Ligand code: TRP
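Have a look below at one chain only, the form predicted on its own, in structure tokens format.
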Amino acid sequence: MVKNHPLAHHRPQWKTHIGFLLAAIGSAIGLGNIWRFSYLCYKNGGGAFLIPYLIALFIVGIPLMILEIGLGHKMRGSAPAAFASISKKWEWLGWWQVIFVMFGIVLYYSVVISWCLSFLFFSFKLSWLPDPNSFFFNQFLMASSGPFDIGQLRTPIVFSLLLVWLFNWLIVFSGVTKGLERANKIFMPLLFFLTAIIVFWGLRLPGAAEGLKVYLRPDFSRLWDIKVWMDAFSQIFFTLSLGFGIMIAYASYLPQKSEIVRDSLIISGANCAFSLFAGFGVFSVLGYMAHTTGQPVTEVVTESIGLAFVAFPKAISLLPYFAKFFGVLFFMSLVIAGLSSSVSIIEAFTSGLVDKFHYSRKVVASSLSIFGFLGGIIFATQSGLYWLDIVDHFLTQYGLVVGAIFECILIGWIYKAQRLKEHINHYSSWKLNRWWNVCVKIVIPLSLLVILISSLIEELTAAYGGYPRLSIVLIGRDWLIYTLFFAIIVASHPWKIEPGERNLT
């Protein structure tokens, strides 16, 4: 901040470098690393899916990670502050990213964490027996007939959701070093330990080898399917928390001397390595399930959400020993992975409000937690599953992608990628070359544009998920429009300290 400015306030910093890395990795590693990645491998040709996945990592994931960490480090501010420092005309983009992530993604994401927390409790008695599918959809969710059939609140989900938001509030309320850094120093080692137990336990189960064959044996014919590539690029983009405003905010708390390129590679590599490692545990258990039930491995799962809440509970109940303990381990790992990501989303929005209006962090964290809990109530109703599916589809397939395309245009063409590259190379011992400029200016936006156009074509051909088009418009499309509207309103308000007066390097 500008020295001696009457409104200047001290910007927090990470206490340790490992604290930053664990927090950033914790943001990237979430529920999707455990069940969504494995399911995408499962339906997209097993090991063949890893080819477009790794290509996406190197031409989209890592370059965009370097961009966001480099931008946050240079501008010393949240996403709205960073974009406003470049041009006040683009401040809306930073607010749009953090608003639809805060008042969209984290609302339903917290409900999914609450499902995991509920199933953690269910694991002590294997409450889903004898039919996990009926238990999840009919008894636990009590799913209604459609998105407009709201039904009643599901009290068990609401109670678990309250606990999730209490955890979110406590961590963000406590600040960068005492909250985020300390929590992730506990969460990440514990998550890796629990996942390692699940993997090595799973590898010893009968039939595990058959599951691993499906996981690792490539079906190269699937590489000709454009949807496989779309899934791979979308997964990399979403799993690394890119376009959320999170990495920009986290990097703004770094000290001046920071290894931006190296840290970006570590965060991206650790996230993808965790997904690959967790996949061994998931497919080993699926192989055991197929071995026990006499089904082919390729037929034991029908949808991604069913992998976590139907297929895995069924497999856990079939275990010959320590079934309850294994269930506790699995769902505890999901809760921890979810919380490490949800707190990072809240922090990204908190950082923006504190930067612009200089509100108290504790007041902001408390207010956001209350609104977050209340906003998530709709997803805890009997129609919650449908609302979750529609909102998730629109925010991730359109909101995040459009936001990242604009981000690349702003940095690559308006601000000029070369200027940010010079800043990054000044502080990093690992230097960027011209290929990074090409990725930011051409490769990433074109790749995301292909995903966007393909999604739109598919959307116009058939209504997503078979839902009534009215529900898709009112729930999905309008959610994006309303968040954009509020982003423009917030961006129009004056700053306590103008972005141009910030202490930029």
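Counting begins at 1, following the sequence as shown. Everything numeric here is computed off the predicted structure, so don't read it as measured data.
In what follows, reference is made to the form predicted in complex with the ligand, a form of this protein that is not presented.
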Which single stretch, out of 409-417, 167-175, 101-109, 150-158, brings residue heavy atoms within 4.5 Å of the ligand in the predicted bound form?
-> 101-109
In the predicted bound form, the residue from Phe244, Phe83, Tyr250, Trp96 with a non-hydrogen atom within 4.5 Å of the ligand is Phe244
Among the candidate residues Tyr386, Tyr215, Phe394, Phe238, which is the single one with a non-hydrogen atom no more than 4.5 Å from the ligand in the predicted bound form?
-> Phe238
Leu180 within 4.5 Å of the ligand in the predicted bound form, heavy atoms = no
Non-hydrogen atom contact Ala28 with the ligand in the predicted bound form at 4.5 angstroms = yes
Does at least one non-hydrogen atom of Thr350 fall within 4.5 angstroms of the ligand in the predicted bound form?
-> no
Hey, in the predicted bound form, is Gly45 touching the ligand, heavy atoms inside 4.5 Å?
-> no
Listed by sequence position, which residues of 340-354 have a non-hydrogen atom within 4.5 angstroms of the ligand in the predicted bound form?
-> Ser341, Ser342, Ser344, Ile345
